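Just the one chain here, the form predicted on its own, laid out as structure tokens.
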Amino acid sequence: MLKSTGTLWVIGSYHNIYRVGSILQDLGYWILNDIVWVKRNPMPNFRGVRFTNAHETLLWAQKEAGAKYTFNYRAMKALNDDLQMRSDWFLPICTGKERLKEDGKKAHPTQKPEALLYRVLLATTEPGDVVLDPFFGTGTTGAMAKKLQRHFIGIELEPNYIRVARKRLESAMQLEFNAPVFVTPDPRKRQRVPFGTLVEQGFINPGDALFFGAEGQQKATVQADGSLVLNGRRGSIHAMARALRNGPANGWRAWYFRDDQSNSLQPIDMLRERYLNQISEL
């Protein structure tokens, strides 16, 4: 079980996950997703009397249906080669150097792979958040929290696990915080800036040309009020982009300006970034 900011994660096999899910719902939790962790290298069923147990199920839930919670959609998409992350995760079990051992024996029989906890924390917490793991084991949650600049609280009853976890966390590397490294930009959370603000602030001037697309297929003229004129039509950067594309369009990414610094066409979103950087320094 793992408690991140605003939500709860539990993991288990067929032995217990259905009971746990039922109890969660009885307690008023709303299940946001069930994730299937497909083990790339599962342990075989040595007796050969049933199917190899090659997966575990994670339940991601929140206490109040409809309440706000953290989900770093774009970080998950970036982690998955720019494809939307699915609910089936293909990850190997904990082996090799990652597997903690004492006297040649496993320190914990069900040590979870770091990649699994890395993904959970990156998806549903932010840097600086506090993560509670009431079944801390050998400290995988804590190690990944340190790696991703999260705080953590671990609860564990077994003295041997506590000793191993402490030793592990003493050596776990804590990187110096660097926001661009640990935070995935989300355009939906960016400060709203009307294109007209860039005109009145002098980042682009009335009469300047904007080009539709990186190849400059169409050329529009910037007006004093921040609208564009093209072939006798007048509208905002978004409305004109939608008209040219005959469908949904984001004007910040559709229109380009000629950048004097690079002598090339650049998206007007670059001007918005320059403006936001300027006001952040004030």
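These numbers come from a predicted model, not from an experiment. All residue numbers refer to positions in the sequence shown, first residue = 1.
Same protein, other form: the form predicted together with a small molecule, not shown, and the subject of what follows.
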**Q.** Segment assignment from 67 to 75, 206 to 214, 191 to 199, 131 to 139: heavy atom within 4.5 Å of the small molecule in the model of the complex
**A.** 131 to 139
Q | the small molecule contact at Q149 in the model of the complex, heavy atom, 4.5 Å | A | no
(Q) With a cut-off of 4.5 Å between heavy atoms, is R119 one of the residues that contacts the small molecule in the model of the complex? (A) no
Q) Taking 4.5 angstroms as the cut-off for heavy atoms, does I155 touch the small molecule in the model of the complex? A) yes
Q. Even though the small molecule is not shown here, does T110 get within 4.5 Å of it in the model of the complex, heavy atoms only?
A. yes
